[in-house]
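Have a look below at one chain only, the form predicted on its own, in C-alpha coordinates format.
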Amino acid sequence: MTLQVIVGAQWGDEGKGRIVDWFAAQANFSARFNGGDNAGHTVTVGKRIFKLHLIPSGIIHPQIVAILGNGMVINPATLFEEMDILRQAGISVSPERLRISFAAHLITPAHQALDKALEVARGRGNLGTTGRGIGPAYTDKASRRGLRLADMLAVDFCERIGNHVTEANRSLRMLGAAELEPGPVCEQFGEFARRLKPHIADTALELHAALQTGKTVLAEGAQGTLLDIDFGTYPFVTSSSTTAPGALTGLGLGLDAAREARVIGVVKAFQTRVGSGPFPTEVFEALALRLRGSGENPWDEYGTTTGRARRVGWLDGVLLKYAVRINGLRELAVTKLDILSGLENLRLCTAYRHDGKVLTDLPFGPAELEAFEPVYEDLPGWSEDVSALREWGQLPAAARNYLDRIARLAGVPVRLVSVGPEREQVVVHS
(Lines give C-alpha, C1' and ligand atoms only; values in the text may rest on other atoms or scores of the structure.)
Protein backbone atom coordinates (compact mmCIF):
# COMPACT_ATOMS: atom_id res chain seq x y z
CA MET A 1 0.00 0.00 0.00
CA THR A 2 1.22 3.51 -0.84
CA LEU A 3 -0.18 6.58 0.91
CA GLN A 4 1.38 9.95 0.18
CA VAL A 5 0.26 12.90 2.31
CA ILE A 6 0.95 16.48 1.25
CA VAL A 7 0.29 19.24 3.79
CA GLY A 8 1.17 22.89 4.20
CA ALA A 9 3.83 23.59 6.82
CA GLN A 10 2.92 27.27 7.27
CA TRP A 11 -0.31 29.33 7.26
CA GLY A 12 -1.55 27.92 3.98
CA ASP A 13 -0.92 29.32 0.48
CA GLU A 14 2.41 27.46 0.37
CA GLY A 15 1.95 26.33 -3.22
CA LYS A 16 0.57 22.89 -2.41
CA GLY A 17 -1.39 22.73 -5.66
CA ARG A 18 1.68 22.61 -7.88
CA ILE A 19 3.39 20.07 -5.57
CA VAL A 20 0.28 17.87 -5.58
CA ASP A 21 0.28 18.18 -9.37
CA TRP A 22 3.89 16.93 -9.43
CA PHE A 23 3.15 13.84 -7.34
CA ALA A 24 -0.23 13.19 -8.97
CA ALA A 25 1.50 12.29 -12.23
CA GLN A 26 2.40 8.93 -10.64
CA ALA A 27 -0.69 8.42 -8.45
CA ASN A 28 -4.04 6.66 -8.91
CA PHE A 29 -6.18 8.65 -6.46
CA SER A 30 -6.05 12.28 -5.32
CA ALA A 31 -8.10 12.85 -2.17
CA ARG A 32 -8.97 16.01 -0.23
CA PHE A 33 -9.41 15.29 3.48
CA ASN A 34 -10.35 18.59 5.13
CA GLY A 35 -11.79 22.05 4.71
CA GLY A 36 -14.12 23.52 2.15
CA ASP A 37 -14.03 26.21 -0.52
CA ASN A 38 -12.13 28.55 1.80
CA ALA A 39 -9.01 26.86 0.42
CA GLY A 40 -7.56 27.34 -3.03
CA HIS A 41 -5.01 25.29 -4.95
CA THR A 42 -3.51 26.76 -8.11
CA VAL A 43 -1.90 24.67 -10.87
CA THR A 44 -0.35 26.22 -13.97
CA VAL A 45 -0.19 24.01 -17.06
CA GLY A 46 1.26 25.91 -20.00
CA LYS A 47 -0.85 29.03 -20.46
CA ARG A 48 -3.79 27.57 -18.53
CA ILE A 49 -4.23 28.29 -14.82
CA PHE A 50 -6.53 26.09 -12.75
CA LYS A 51 -7.76 27.47 -9.43
CA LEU A 52 -9.61 24.76 -7.53
CA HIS A 53 -11.26 25.22 -4.14
CA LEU A 54 -12.93 21.84 -3.57
CA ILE A 55 -11.95 19.33 -6.22
CA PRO A 56 -8.49 17.82 -5.66
CA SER A 57 -6.03 19.42 -8.05
CA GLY A 58 -4.72 15.98 -9.01
CA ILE A 59 -7.81 15.52 -11.22
CA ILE A 60 -6.00 17.39 -13.99
CA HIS A 61 -4.08 14.15 -14.64
CA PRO A 62 -6.28 11.78 -16.71
CA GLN A 63 -5.55 8.59 -14.72
CA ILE A 64 -6.58 10.11 -11.38
CA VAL A 65 -9.78 9.35 -9.48
CA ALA A 66 -10.56 12.40 -7.36
CA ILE A 67 -12.03 11.94 -3.88
CA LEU A 68 -13.79 14.50 -1.68
CA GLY A 69 -13.40 12.94 1.76
CA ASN A 70 -15.64 12.77 4.79
CA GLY A 71 -13.57 15.44 6.59
CA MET A 72 -14.69 18.10 4.13
CA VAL A 73 -17.59 20.55 4.14
CA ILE A 74 -18.94 21.05 0.63
CA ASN A 75 -20.83 23.90 -1.00
CA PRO A 76 -22.52 22.26 -4.00
CA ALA A 77 -22.79 25.56 -5.88
CA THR A 78 -19.00 25.98 -5.79
CA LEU A 79 -18.51 22.32 -6.67
CA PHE A 80 -20.64 22.60 -9.81
CA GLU A 81 -18.81 25.77 -10.88
CA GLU A 82 -15.51 23.90 -10.68
CA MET A 83 -16.91 20.89 -12.49
CA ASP A 84 -18.04 23.14 -15.33
CA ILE A 85 -14.62 24.82 -15.56
CA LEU A 86 -12.90 21.44 -15.74
CA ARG A 87 -15.34 20.14 -18.38
CA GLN A 88 -14.70 23.21 -20.51
CA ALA A 89 -10.98 22.42 -20.28
CA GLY A 90 -11.63 18.89 -21.57
CA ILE A 91 -11.15 17.21 -18.17
CA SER A 92 -13.63 14.49 -17.27
CA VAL A 93 -15.59 14.90 -14.03
CA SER A 94 -17.80 11.85 -14.53
CA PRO A 95 -19.05 9.86 -11.49
CA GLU A 96 -16.28 7.35 -12.20
CA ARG A 97 -13.63 10.08 -11.82
CA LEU A 98 -15.14 12.29 -9.11
CA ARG A 99 -16.29 10.57 -5.93
CA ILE A 100 -17.76 12.24 -2.83
CA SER A 101 -17.98 10.70 0.61
CA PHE A 102 -21.52 10.14 1.88
CA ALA A 103 -20.24 11.39 5.27
CA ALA A 104 -18.98 14.79 4.05
CA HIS A 105 -21.10 17.70 5.27
CA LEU A 106 -23.02 20.23 3.22
CA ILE A 107 -22.58 24.00 3.30
CA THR A 108 -25.82 25.88 2.70
CA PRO A 109 -26.76 29.55 2.24
CA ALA A 110 -27.80 29.49 5.91
CA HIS A 111 -24.23 28.64 6.92
CA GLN A 112 -22.89 31.47 4.78
CA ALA A 113 -25.37 33.96 6.24
CA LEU A 114 -24.44 32.88 9.78
CA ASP A 115 -20.72 33.16 9.03
CA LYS A 116 -21.06 36.76 7.85
CA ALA A 117 -23.42 37.74 10.68
CA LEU A 118 -21.07 36.32 13.30
CA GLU A 119 -18.10 38.23 11.86
CA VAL A 120 -20.10 41.47 11.98
CA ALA A 121 -21.11 40.73 15.57
CA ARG A 122 -17.45 40.25 16.59
CA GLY A 123 -16.68 43.81 15.50
CA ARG A 124 -13.01 44.72 15.86
CA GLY A 125 -12.35 41.25 17.28
CA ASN A 126 -13.34 39.51 14.05
CA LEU A 127 -11.29 36.51 12.90
CA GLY A 128 -10.98 37.47 9.23
CA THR A 129 -12.95 34.47 7.97
CA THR A 130 -13.74 34.08 4.28
CA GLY A 131 -17.48 34.24 5.01
CA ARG A 132 -18.08 31.03 3.08
CA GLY A 133 -19.88 29.19 5.86
CA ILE A 134 -17.02 26.87 6.82
CA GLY A 135 -17.13 27.50 10.57
CA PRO A 136 -20.93 27.24 10.94
CA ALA A 137 -20.95 24.01 8.88
CA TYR A 138 -18.35 22.43 11.16
CA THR A 139 -20.25 23.76 14.18
CA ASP A 140 -23.38 21.96 12.97
CA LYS A 141 -21.31 18.82 12.42
CA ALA A 142 -19.96 18.91 15.98
CA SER A 143 -23.43 19.69 17.33
CA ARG A 144 -24.81 16.64 15.50
CA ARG A 145 -27.34 18.64 13.52
CA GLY A 146 -25.43 18.94 10.26
CA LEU A 147 -26.56 17.81 6.82
CA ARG A 148 -24.40 15.19 5.14
CA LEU A 149 -24.17 14.19 1.50
CA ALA A 150 -26.03 11.01 2.49
CA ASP A 151 -29.05 13.18 3.32
CA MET A 152 -29.30 13.99 -0.37
CA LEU A 153 -30.25 10.36 -0.98
CA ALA A 154 -33.21 10.54 1.43
CA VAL A 155 -36.78 10.96 0.14
CA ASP A 156 -37.43 13.69 2.72
CA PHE A 157 -34.30 15.69 1.89
CA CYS A 158 -36.26 18.86 1.10
CA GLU A 159 -37.94 18.69 4.50
CA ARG A 160 -34.55 18.30 6.18
CA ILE A 161 -33.22 21.35 4.35
CA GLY A 162 -36.28 23.35 5.36
CA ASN A 163 -35.83 22.45 9.02
CA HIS A 164 -32.17 23.41 8.78
CA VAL A 165 -32.98 26.87 7.38
CA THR A 166 -35.71 27.42 9.99
CA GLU A 167 -33.25 26.58 12.77
CA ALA A 168 -30.60 28.89 11.31
CA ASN A 169 -33.13 31.72 11.07
CA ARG A 170 -33.51 31.67 14.86
CA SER A 171 -29.81 32.44 15.21
CA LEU A 172 -29.86 35.03 12.42
CA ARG A 173 -32.76 36.77 14.16
CA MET A 174 -30.80 36.96 17.41
CA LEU A 175 -27.83 38.45 15.52
CA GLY A 176 -30.01 41.06 13.86
CA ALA A 177 -29.35 39.66 10.39
CA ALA A 178 -31.78 39.05 7.52
CA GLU A 179 -33.53 35.68 7.59
CA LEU A 180 -33.75 33.25 4.67
CA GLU A 181 -36.77 31.85 2.86
CA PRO A 182 -36.68 28.03 3.16
CA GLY A 183 -38.53 27.41 -0.13
CA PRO A 184 -35.88 28.64 -2.61
CA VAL A 185 -33.10 26.86 -0.66
CA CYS A 186 -35.10 23.60 -0.77
CA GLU A 187 -35.66 23.96 -4.50
CA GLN A 188 -32.00 24.73 -5.21
CA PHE A 189 -30.65 21.89 -3.08
CA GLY A 190 -33.18 19.45 -4.48
CA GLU A 191 -31.65 20.05 -7.91
CA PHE A 192 -28.16 19.77 -6.44
CA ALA A 193 -29.10 16.40 -4.95
CA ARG A 194 -30.37 15.10 -8.27
CA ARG A 195 -27.09 15.98 -9.98
CA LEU A 196 -24.79 14.78 -7.19
CA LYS A 197 -26.38 11.39 -6.44
CA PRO A 198 -24.23 9.46 -8.94
CA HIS A 199 -21.06 10.83 -7.29
CA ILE A 200 -21.93 9.95 -3.67
CA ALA A 201 -20.14 6.84 -2.46
CA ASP A 202 -18.43 5.06 0.43
CA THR A 203 -15.10 6.60 -0.48
CA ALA A 204 -13.38 5.28 2.66
CA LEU A 205 -14.06 1.72 1.49
CA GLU A 206 -12.89 2.56 -2.02
CA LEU A 207 -9.62 4.07 -0.79
CA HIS A 208 -9.02 1.12 1.55
CA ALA A 209 -9.46 -1.28 -1.36
CA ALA A 210 -7.14 0.82 -3.53
CA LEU A 211 -4.36 0.73 -0.94
CA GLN A 212 -4.83 -2.99 -0.39
CA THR A 213 -4.26 -3.62 -4.09
CA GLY A 214 -1.07 -1.55 -4.24
CA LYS A 215 -2.47 1.62 -5.77
CA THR A 216 -1.09 5.04 -4.83
CA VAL A 217 -3.36 7.42 -2.91
CA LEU A 218 -2.33 11.07 -2.72
CA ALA A 219 -3.93 12.77 0.30
CA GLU A 220 -4.22 16.48 -0.39
CA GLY A 221 -4.46 18.83 2.60
CA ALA A 222 -6.00 22.29 2.53
CA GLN A 223 -4.81 25.38 4.42
CA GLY A 224 -1.67 24.79 6.53
CA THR A 225 -0.40 23.42 9.84
CA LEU A 226 -0.52 26.80 11.59
CA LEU A 227 -4.25 27.07 10.80
CA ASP A 228 -5.09 23.72 12.42
CA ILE A 229 -8.04 23.90 14.83
CA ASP A 230 -5.98 22.28 17.61
CA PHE A 231 -2.36 23.09 16.80
CA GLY A 232 -2.54 26.42 14.96
CA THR A 233 -2.45 30.05 16.07
CA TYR A 234 -5.78 29.71 17.86
CA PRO A 235 -8.28 31.39 17.59
CA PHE A 236 -6.99 32.66 14.24
CA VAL A 237 -7.36 29.22 12.67
CA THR A 238 -9.67 27.30 10.38
CA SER A 239 -12.32 24.86 11.64
CA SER A 240 -10.74 21.56 10.59
CA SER A 241 -7.67 19.42 11.12
CA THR A 242 -5.10 20.56 8.58
CA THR A 243 -2.24 18.30 9.70
CA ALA A 244 -1.10 14.97 8.25
CA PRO A 245 -2.77 12.78 10.92
CA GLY A 246 -6.05 14.41 9.85
CA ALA A 247 -5.71 12.64 6.51
CA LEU A 248 -6.60 9.35 8.22
CA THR A 249 -9.76 10.55 9.95
CA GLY A 250 -10.65 12.87 7.04
CA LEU A 251 -10.55 9.99 4.55
CA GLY A 252 -11.71 7.15 6.80
CA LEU A 253 -8.39 5.28 6.76
CA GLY A 254 -6.99 3.17 9.58
CA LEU A 255 -3.53 3.34 11.10
CA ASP A 256 -2.31 0.58 8.78
CA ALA A 257 -2.40 3.11 5.94
CA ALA A 258 0.15 5.31 7.76
CA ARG A 259 2.80 2.65 8.37
CA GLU A 260 4.79 3.41 5.24
CA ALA A 261 3.24 6.75 4.35
CA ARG A 262 5.33 9.37 2.60
CA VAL A 263 4.57 12.68 4.36
CA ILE A 264 5.65 15.81 2.49
CA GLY A 265 5.49 19.30 3.96
CA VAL A 266 5.21 22.22 1.54
CA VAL A 267 6.89 25.42 2.68
CA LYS A 268 7.51 28.71 0.90
CA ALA A 269 11.04 30.06 0.77
CA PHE A 270 9.61 32.88 2.89
CA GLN A 271 6.57 33.22 5.16
CA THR A 272 3.04 34.43 4.34
CA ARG A 273 -0.40 34.50 5.89
CA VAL A 274 -3.83 35.93 5.09
CA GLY A 275 -6.00 37.66 7.66
CA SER A 276 -5.53 38.38 11.34
CA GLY A 277 -3.26 36.71 13.87
CA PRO A 278 0.34 36.79 15.09
CA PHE A 279 3.22 36.83 12.61
CA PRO A 280 6.63 37.21 14.32
CA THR A 281 8.75 37.58 11.16
CA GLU A 282 6.43 39.91 9.23
CA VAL A 283 8.04 42.63 7.13
CA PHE A 284 6.54 45.84 5.75
CA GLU A 285 6.85 48.60 3.17
CA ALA A 286 9.34 48.12 0.29
CA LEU A 287 10.51 44.64 1.29
CA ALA A 288 6.93 43.47 1.74
CA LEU A 289 6.02 44.72 -1.73
CA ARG A 290 9.12 43.03 -3.15
CA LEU A 291 8.13 39.64 -1.69
CA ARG A 292 4.39 40.00 -2.32
CA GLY A 293 4.45 41.30 -5.86
CA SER A 294 2.15 43.89 -7.34
CA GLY A 295 -0.77 41.56 -8.00
CA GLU A 296 -0.37 41.82 -11.77
CA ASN A 297 0.60 38.13 -12.02
CA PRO A 298 -1.72 35.34 -10.86
CA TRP A 299 1.07 33.83 -8.75
CA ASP A 300 1.72 37.03 -6.76
CA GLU A 301 0.89 36.90 -3.05
CA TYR A 302 -2.84 37.45 -3.17
CA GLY A 303 -5.27 34.85 -1.82
CA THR A 304 -6.60 32.33 -4.36
CA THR A 305 -9.95 32.29 -2.57
CA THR A 306 -10.28 35.81 -1.12
CA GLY A 307 -8.08 37.91 -3.38
CA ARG A 308 -6.73 39.62 -0.26
CA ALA A 309 -3.09 40.70 -0.20
CA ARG A 310 -1.08 38.26 1.90
CA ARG A 311 1.09 39.44 4.73
CA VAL A 312 4.72 38.47 4.10
CA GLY A 313 7.91 37.96 6.10
CA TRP A 314 11.09 35.95 6.51
CA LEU A 315 10.90 32.19 6.85
CA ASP A 316 10.28 31.15 10.47
CA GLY A 317 12.44 28.14 11.37
CA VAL A 318 10.89 27.76 14.81
CA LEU A 319 7.41 27.32 13.36
CA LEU A 320 8.77 25.05 10.62
CA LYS A 321 10.43 22.78 13.19
CA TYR A 322 7.09 22.70 15.03
CA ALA A 323 5.25 21.76 11.82
CA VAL A 324 7.69 18.91 11.17
CA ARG A 325 7.00 17.48 14.63
CA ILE A 326 3.21 17.88 14.57
CA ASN A 327 2.85 16.34 11.11
CA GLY A 328 5.60 13.76 11.24
CA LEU A 329 7.05 15.21 8.04
CA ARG A 330 9.62 13.06 6.26
CA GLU A 331 10.68 15.65 3.66
CA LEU A 332 10.09 19.19 2.46
CA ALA A 333 9.10 20.75 -0.84
CA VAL A 334 10.21 24.40 -0.97
CA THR A 335 8.29 26.71 -3.29
CA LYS A 336 8.89 30.18 -4.72
CA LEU A 337 12.67 30.09 -4.45
CA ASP A 338 12.75 32.22 -7.61
CA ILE A 339 11.15 35.14 -5.75
CA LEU A 340 14.25 35.53 -3.58
CA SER A 341 16.58 35.98 -6.58
CA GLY A 342 18.05 39.48 -6.57
CA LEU A 343 17.93 40.03 -2.82
CA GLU A 344 21.40 40.85 -1.50
CA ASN A 345 20.75 39.47 1.99
CA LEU A 346 18.31 36.90 3.35
CA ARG A 347 17.18 36.26 6.91
CA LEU A 348 16.05 33.09 8.66
CA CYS A 349 14.39 33.05 12.05
CA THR A 350 16.25 30.37 14.03
CA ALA A 351 14.88 31.04 17.54
CA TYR A 352 12.65 33.33 19.63
CA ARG A 353 13.62 35.65 22.45
CA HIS A 354 11.15 35.83 25.34
CA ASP A 355 11.58 36.99 28.97
CA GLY A 356 15.32 37.10 28.54
CA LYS A 357 15.49 33.52 27.22
CA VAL A 358 16.31 32.23 23.75
CA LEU A 359 13.91 29.46 22.71
CA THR A 360 14.16 27.09 19.74
CA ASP A 361 10.91 25.28 20.63
CA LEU A 362 7.47 26.70 21.37
CA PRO A 363 6.52 26.40 25.06
CA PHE A 364 2.75 26.05 24.48
CA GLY A 365 2.26 25.91 20.75
CA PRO A 366 1.92 28.91 18.43
CA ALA A 367 -1.26 30.51 19.82
CA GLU A 368 0.40 33.31 21.82
CA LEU A 369 3.24 34.57 19.65
CA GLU A 370 2.86 38.33 20.06
CA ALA A 371 5.37 38.50 22.92
CA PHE A 372 8.06 36.51 21.07
CA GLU A 373 10.85 38.34 19.24
CA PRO A 374 12.49 36.51 16.34
CA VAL A 375 16.21 35.77 16.46
CA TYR A 376 17.62 35.98 12.94
CA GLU A 377 20.50 34.44 11.10
CA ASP A 378 21.65 36.38 8.05
CA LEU A 379 22.67 34.61 4.86
CA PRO A 380 23.96 35.96 1.54
CA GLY A 381 21.49 36.12 -1.31
CA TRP A 382 22.04 35.50 -5.03
CA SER A 383 21.48 37.56 -8.14
CA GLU A 384 20.99 34.78 -10.70
CA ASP A 385 17.60 33.96 -12.22
CA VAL A 386 16.88 30.35 -11.19
CA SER A 387 13.61 29.87 -13.07
CA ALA A 388 15.19 27.93 -15.96
CA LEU A 389 17.28 25.61 -13.76
CA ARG A 390 16.31 21.95 -13.31
CA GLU A 391 19.36 20.41 -11.59
CA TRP A 392 20.39 20.87 -7.96
CA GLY A 393 24.00 21.49 -8.96
CA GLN A 394 22.93 24.29 -11.31
CA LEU A 395 21.48 26.37 -8.46
CA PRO A 396 23.69 29.21 -7.22
CA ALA A 397 25.85 28.22 -4.24
CA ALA A 398 24.07 30.76 -2.04
CA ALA A 399 20.68 29.27 -2.97
CA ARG A 400 21.86 25.75 -2.14
CA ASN A 401 23.27 27.03 1.14
CA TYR A 402 19.94 28.67 1.98
CA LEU A 403 18.03 25.46 1.27
CA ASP A 404 20.53 23.36 3.23
CA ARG A 405 20.12 25.68 6.22
CA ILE A 406 16.32 25.28 6.02
CA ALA A 407 16.76 21.50 6.02
CA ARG A 408 19.04 21.62 9.07
CA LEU A 409 16.59 23.83 10.96
CA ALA A 410 13.69 21.54 10.08
CA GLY A 411 15.57 18.31 10.69
CA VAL A 412 14.32 16.75 7.43
CA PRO A 413 15.69 16.96 3.87
CA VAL A 414 14.53 19.28 1.10
CA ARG A 415 13.56 16.98 -1.79
CA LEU A 416 11.76 19.32 -4.21
CA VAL A 417 12.31 22.98 -5.02
CA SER A 418 9.89 25.02 -7.09
CA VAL A 419 11.57 27.74 -9.16
CA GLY A 420 8.50 29.07 -10.95
CA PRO A 421 4.74 28.63 -11.39
CA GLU A 422 4.84 26.14 -14.28
CA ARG A 423 4.50 22.43 -13.50
CA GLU A 424 7.93 21.61 -14.99
CA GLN A 425 9.76 24.34 -13.03
CA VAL A 426 10.92 21.96 -10.31
CA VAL A 427 14.37 20.96 -9.10
CA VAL A 428 14.67 17.50 -7.55
CA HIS A 429 17.27 16.97 -4.84
CA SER A 430 18.04 13.27 -4.39
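From 1 onward, residues are counted along the sequence shown. Here the structure is a predicted model, which means the values were calculated and not measured.
FYI, the form predicted in complex with inosinic acid isn't displayed, but the following is about it.
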query	finding
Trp11, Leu227 and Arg308 all contacting inosinic acid in the predicted complex, non-hydrogen atom within 4.5 Å	yes
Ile134: touches inosinic acid in the predicted complex, heavy atom cutoff 4.5 angstroms	yes
Non-hydrogen atom contact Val274 with inosinic acid in the predicted complex at 4.5 angstroms	yes
is_contact(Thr129, inosinic acid) in the predicted complex, heavy atom dist at most 4.5 Å	yes
Inosinic acid contact at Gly40 in the predicted complex, heavy atom, 4.5 Å	yes
In the predicted complex, the one of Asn327, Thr335, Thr238, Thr108 near inosinic acid [non-hydrogen atom within 4.5 angstroms]	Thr238
Residue stretch of 85-93, 146-154, 248-256, 230-238 approaching inosinic acid in the predicted complex, non-hydrogen atom distance within 4.5 Å	230-238
